[in-house]
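Only one chain is given next, in structure tokens, and it is the form predicted on its own.
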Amino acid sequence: MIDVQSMSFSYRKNRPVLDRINLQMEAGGVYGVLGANGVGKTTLLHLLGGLLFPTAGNISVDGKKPMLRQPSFLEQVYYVPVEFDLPRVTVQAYQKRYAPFYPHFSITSWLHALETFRLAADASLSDLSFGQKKKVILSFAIASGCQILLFDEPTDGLDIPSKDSFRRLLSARIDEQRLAIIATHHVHDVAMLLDHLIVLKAQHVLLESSLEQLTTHLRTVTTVQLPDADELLYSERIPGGHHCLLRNTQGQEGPLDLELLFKALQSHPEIIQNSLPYEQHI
């Protein structure tokens, strides 16, 4: 559904934010994009949404070029930014004003999301807190019926119950026709949603892999004593022991802490070459 080929982007000449990256993303999945501040996560979402244009290379989204911003493209892509301004209208008026731009908008999904988030349709947007406004935007995105949903830090401003509501609402809407991409620092908030992971570093894609592939080759454990060096890839001290990233040499089923994996990749990217198949990284 999304094909990025040798794509580069620079805000300033000769200072690329993203440099000749390649990505392929298929419908039916939720992709997490991780990276340090300034590495290009938001820029990537803007490029996929047609808000920025590549300085080199190509992006194809469902066979269309985002930079052309054709109506047939715009009606199938919805972007939730970190920061936003909302008009001084009620929640219901907001839906009535903008839903006509999205031909597959579902009133049923919209009302269900409002109920789940405990939002009143007659509430004035100007009277809502940032977190409540965020829930309005997330509700609209999920109800939009768009094939591609782009989320930049979607859990910012949400309380713990609302984060759980967001996960449940989004997972119920992703099917074989839809794709969601979540750029975030708060990987614990969305880890249960993700089935693919993309890690950016120094203008490049450091890792692109399905979670199924990652858990085949890697696992995390919490232990009092450090495991054998042959298994251990990365560890950090915690009260009472160590949190460790290990090679999954025995094919054991178990959890994979994506935050620990991210820290390991930032500190020791060579673990990719040592522990994952070549096709899982660039």
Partner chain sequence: MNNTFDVRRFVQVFRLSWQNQPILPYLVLLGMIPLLLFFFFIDAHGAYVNLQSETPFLMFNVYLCACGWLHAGLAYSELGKTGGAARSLMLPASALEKWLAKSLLVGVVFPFIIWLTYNLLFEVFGWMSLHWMAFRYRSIDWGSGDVKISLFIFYMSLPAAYASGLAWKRLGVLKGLVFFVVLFIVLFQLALIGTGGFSFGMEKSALLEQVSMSYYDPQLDTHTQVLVRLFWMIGVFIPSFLLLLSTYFFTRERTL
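Numbering follows the first chain given and starts at 1. Note that the structure is predicted; figures quoted are calculated from it, not measured.
Keep in mind the form predicted together with its partner chain is missing from the figure; the text below concerns it.
Here the chain stands by itself, but in the model of the complex one stretch of 31-39, 241-249, 66-74, 225-233, 66-74, has heavy atoms within 4.5 Å of its partner chain. Interface residue among Leu111, Val187, Leu211, Leu86, judged by heavy atoms within 4.5 Å of its partner chain in the model of the complex: Leu86.
Contact annotation for Arg97: at least one heavy atom lies within 4.5 Å of its partner chain in the model of the complex. Contact between Phe101 and its partner chain in the model of the complex is found at the 4.5 Å heavy atom cutoff. Leu52 belongs to the set of residues with a heavy atom inside 4.5 Å of its partner chain in the model of the complex.
Interface residue remark: Phe105 is not counted as part of the site for its partner chain in the model of the complex, having no heavy atom within 4.5 Å. For the partner-free chain shown, nothing in 182-199 comes within 4.5 angstroms of its partner chain in the model of the complex, judged by any non-hydrogen atom.
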